[in-house]
Ligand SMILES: NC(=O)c1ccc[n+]([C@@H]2O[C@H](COP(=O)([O-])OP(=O)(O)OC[C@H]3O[C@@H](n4cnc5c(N)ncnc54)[C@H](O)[C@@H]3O)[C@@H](O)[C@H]2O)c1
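What follows is one chain in structure tokens, specifically the form predicted on its own.
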Amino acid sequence: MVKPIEAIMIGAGQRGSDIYGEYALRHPEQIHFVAVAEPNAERRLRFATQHNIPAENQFETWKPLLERPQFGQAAFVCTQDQQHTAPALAALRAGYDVLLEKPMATTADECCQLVDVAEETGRQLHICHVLRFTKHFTKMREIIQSGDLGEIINVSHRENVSWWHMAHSFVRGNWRRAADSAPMILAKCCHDLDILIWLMNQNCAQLSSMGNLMHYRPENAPEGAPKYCLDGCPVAETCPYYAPFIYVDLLPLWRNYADTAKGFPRIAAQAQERAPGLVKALSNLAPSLREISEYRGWPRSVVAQDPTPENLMDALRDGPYGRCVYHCDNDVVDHQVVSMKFARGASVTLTMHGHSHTEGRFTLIQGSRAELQAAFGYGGSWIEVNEHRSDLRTHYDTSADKASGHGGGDDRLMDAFINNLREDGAANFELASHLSAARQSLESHLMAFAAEEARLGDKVVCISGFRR
């Protein structure tokens, strides 16, 4: 009988606990967490209790954990972005294979250092580029690599961040300031830059970029708007960013879900807006409805660890997520475009912005023989290929189970990582090529840093020179 992989968790927050930790609880035969380092005492205790971790293996910081003899084979580094480098380097040097949350680091020098140390120590270092593992982007890559589109001439890819997600993460939340986290093009779009390289199977040669922070600024605040939404905001009934509307009512999330879902899940999400009491009552007969009526996940789980309506309201009174979006200390852009030339000559654009009505990624690829259009949303995903000569349209439903994170990518990432550990980095299975090893990930991160340099310097950046 194959024993489960033993692993340590560094950072038991939303990704560490709710995604990777939850996977371990559902698949105890595959992976078992034997130690945890987390500064928040409540999160640390919750994770330790869930995974039966003894008190002597619970740590407030990662240093004493990694000074102890090696606990197992794998280390998960899921700290805040700017805190990735030191524990990841220490874990590699301590003999662990590492799964590191994206972005791998917040400076180009630290990204390069992580790659160098992984190669020097001979340890595996994989970055959580979960889009590679989704049914949607896996199918898109298959279509491109098959040659059905012909030669790829132009790619237009959009990362449409919804207005409420922008307000949550990049105005009120942990990624609102570049100095405290990373430029938004790195924090949000290293996924997208990685997936473009992976889809095209070639690197970017040069790029330029433009964008700025236009809307979420003090001068755009409604007259009389207080610092906190619950301090008597005069436009509480009409402002889309009113915190209880986003976190307690949660209507923006369910509307976004309904926009791209179909069938019963779409009907249920729409009913939550029109008749939440009915949805709650029917959940006794249809337990699947509890995923809506008793929803406790993101973004609620970020605002309050026990996200009951009462606890949410308490957290919004004077916590960061209750602030008026026009009176925060945010400085990251709310829109940016990156224009790229890839190695074989294709022109590629990435548009990222935080004012979309519907959250999702949208892709348009123009080839010499056919066109591909695709949408990847909360509620579902699809790809359509239209052949030039025949006008034949082929439609692919690439939707994942609604309960799976990142369109099914989270679980498949874990499957691949565990299999790769068992095979010592040489796994011969379907998802092996999806795993983003350190040097592959470095390329997309350098593109993000180059894009920010191009935006701030109003210039074109040659990636080969930037890479050196």
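The first residue of the sequence shown is number 1, and the count goes up from there. The shown structure was predicted, so the numbers you read here are calculated from the model rather than taken from an experiment.
Quick note: we don't show the form predicted in complex with this ligand, though the next part is all about it.
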Answer range among 215 to 223, 168 to 176, 248 to 256, 387 to 395 for contact with this ligand, defined in the predicted bound form as heavy atoms within 4.5 Å: 168 to 176
Exercise: A269 in contact with this ligand in the predicted bound form, heavy atom 4.5 Å: no
Proximity of T79 to this ligand in the predicted bound form, heavy atoms at 4.5 Å: yes
4.5 angstroms heavy atom contact with this ligand in the predicted bound form for H84: yes
is_contact(G11, this ligand) in the predicted bound form, heavy atom dist at most 4.5 Å: yes
Selected contact from R323, K102, R300, R123, since only one has a non-hydrogen atom within 4.5 angstroms of this ligand in the predicted bound form: K102
Partner-contacting position among V279, L199, V130, A261 - heavy atom within 4.5 Å of this ligand in the predicted bound form: V130
Partner contacts for 26 to 53, taking this ligand in the predicted bound form and a 4.5 Å heavy atom cut-off: A37, E38, P39, N40, R43
